[in-house]
Structure formats: structure tokens, C-alpha cells
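Form predicted alone, single chain, as C-alpha cells, below.
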């Protein structure tokens, strides 16, 4: 088959899907590219949906990543939007889009994940999740009306929504079933530190208690908790995690588990089929462990890697990365690099845990495993590079000491004027 007959299909008009398309073209792929998306919208950026999209005074536009003219004319992409993938036959390399066959020579799956919901709330007005632009519009409309807001789940998305609602002047309560928010991604101590940002900014945080029921006839009226207490609400946003969109692949023969099981090059168990973004579980060579990450940066990086590998499998390159995510609460930027799982020690190397800025390092064995920063935007990326290079704990501490000394000297001797 000649190159001009080659057909790369990317299913998932997402950040990862878009990066796969762009990477394939940059690598010189001259064949046909089709981008399939279940939403009618062009690929758009999701992080603003829980932040600026909810708080801007004027109704904001869709945060589109690329205009249609660029996709069609410059990248030569055939768009199939508003059409979900419904099945996959890897034997004859056929993707079914809205049950119609679409043949491919190589395929990148980037269908992402869907928010988990609370059973029994289907059809109850005022109860929402936040994943799509349409979800964000519904939540924004409720905030415009001054809704009393309950956020179920004190993870990063839930906390961003709570922050945005407070900025809009809403009365906000965050309910978290675990005793400490964010214990899994950052550890219990630092989860408690980050959780304190809610109370410091007028948001009520209820930890260690689950939701027993969402009350209301046609519209939500209150949230009843497992301890018997009741919180009146006009808006409930559920942020209790996501599940990878793999149901449509059940009969495909592709190995599934915690997402799509990929090798180190992001190839699935089927030849010519790769995965990227929230849906991809792969062995990260940097950490010698299998990961599935729901981070913007990883989706962008994986999309590019999957696109390049899919069009040139004989020269496929292993994908390795240091996890990185950020979150904005109450005007503060939270950043984390590395992994917190299995850490043995944390050390405050800059700032004050009760203040508005700090950096905390995580040790596992004799290695730097992670770094958490509040309002230290330049520092944390230095630690990401150190983790990628396998820096020792002592090297990280020496670097932190030098940074602190330089900052102190600068503060003591400010530049003239």
C-alpha cells in the first residue's frame, strides 16, 4: 500500500486526538487523516471550563484549540464530529462510527473518560457533572442565578468549581467522603494543607462523610449526608472521579483493564492501534510502573507520541514522562510533579505551609520522587527535570538550599529603583 493511500484515523476530538493529528503531519505523513468526535464541537480546551468559563463576567466563547479552517485546509483533516465511535474490528481494521464502517491503516484512540455520577439523580434538574462545554454552560447558568452550591468531591476539579462558585459570590459547601481531601495524589498531610484553602476563602469543607441522597422532586432541593445532616442546595456538582470510555471496545479484542492496556510505545494489543490520554494505561519507563494519568500535559504529550508511532511503527519510540498537573484555587496556582505514591518523607524547602506560597519535596528511597508547589511557578518545573534525570534526594536538597540562599540574598539586596 502506498503512502498516499494510508489512512490514519484518530477517534476522540480531544486535546490528545488533536496532538496526534498535528504530530503525524509534522512527521511528514501525507496520507488521509480523519478525526472522529462524539461532540459536535471542534476540539476545545477543558481546563478553562472549571475556571475562567465559570467566572468571566461576559459569557465566554468555546475555548477552541484549532479553527475549522486550519484543521481542514492546513492539516488536511476530514472531520467527523457529532458521531461517536460504536465499535472496532481490528481484524479488517474497521472503526464503526455511529455504526457506519470507516477503514483505517492506523488508528489512535483518544476517547477520554466520563465523570462518575450519583445513582438516582438522572433527570433531576440542578445536578451536574463537569466534562463538556455543555456541562459548563449549565453550571454557569445556575451560578448566574446565585445558586446555593454543593460540590460532591474535594478533588482538583471539584475544588476548582468550588473556587469559581465562591468567586461568583455563591454560598458553597464541599463534601468529601474521605477523612482528608487529595490524600491519594499528594498525601494526607499536604491534602489537609490544600484543603485549608477552602475554609480560608469562605467555602465550607465537610470531610469524612458521604452523601446519602440528593433530595428533590423535579429539581434538587438539598443534599442529605450519611450523618443525617442536610444541606440546602440549588446546584449540585458531582466531582467524584472519572471512568475511561472503553465500553464501546468490549468486543474489539483489545486488551482492557484500567483503561486500554498499552505497551511502552502506546500500542494496544492490536497491530496498528495506539491509545493516548485519559484512556491509556502504559508502563512508564521512568518509574518502572504502569500508569493511567488524567492530566492535560500528559494528554498532550501522549497524543503527539501516539500519532508519530502510529504512522511509523517500525521506528516507534517508548513514551516516558514525569507526571505533571496544575490546579487553580482562589487565585492560587497549585502544581505537582512526579508521584506521591509510596513516598517515605516530605520536606518543606520554601515558604510556609500556613501561608500563600511553599514548595514541598517527596522522597522515596534515596531519590526525589515528587514536588508540590503553591504559587512557585518556576521552581516546580526545575524539579520535574531533576526527577526525569533520576536525581537523588541529596541533590534535590542541595538544589533547594541553593535556591533558598539566592532568594534570601535577593530579598536582602533588592535592585536599585
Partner chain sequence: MRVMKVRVDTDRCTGHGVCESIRADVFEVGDDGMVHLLNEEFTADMRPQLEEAVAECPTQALRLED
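Bear in mind that the values here come from a model prediction, so they are computed numbers and not experimental data. Residue numbers count along the first chain shown, from 1.
The form predicted in complex with its partner chain exists for this protein as well; it is not shown, and the discussion that follows is about that form.
45, 66 and 326: each with a heavy atom within 4.5 Å of its partner chain in the predicted complex? Contact check passed for all of 45, 66 and 326.
Residue among 264, 224, 184, 333 with a heavy atom within 4.5 Å of its partner chain in the predicted complex: For this set of options, the contacting one is 333.
Name the stretch: of 359-367, 345-353, 380-388, 29-37, exactly one has residues whose heavy atoms fall within 4.5 Å of its partner chain in the predicted complex. Of the options given, it is 380-388.
Classify residue 287 as contacting or not contacting its partner chain in the predicted complex by the rule of any non-hydrogen atom within 4.5 angstroms, answering yes or no. Flag for residue 287 set to no.
Can any non-hydrogen atom of residue 96 be found within 4.5 angstroms of its partner chain in the predicted complex? No, no contact at 4.5 Å.
Quick one: is residue 209 in contact with its partner chain in the predicted complex, heavy atoms, 4.5 Å cut-off? Contact with its partner chain, no.
Does its partner chain get within 4.5 angstroms of any non-hydrogen atom of residue 248 in the predicted complex? No, residue 248 is distant from the partner.
Even though the chain is shown alone, can you say which residues of 286-304 have a heavy atom within 4.5 Å of its partner chain in the predicted complex? Stretch hits, in order: 296, 300, 301.
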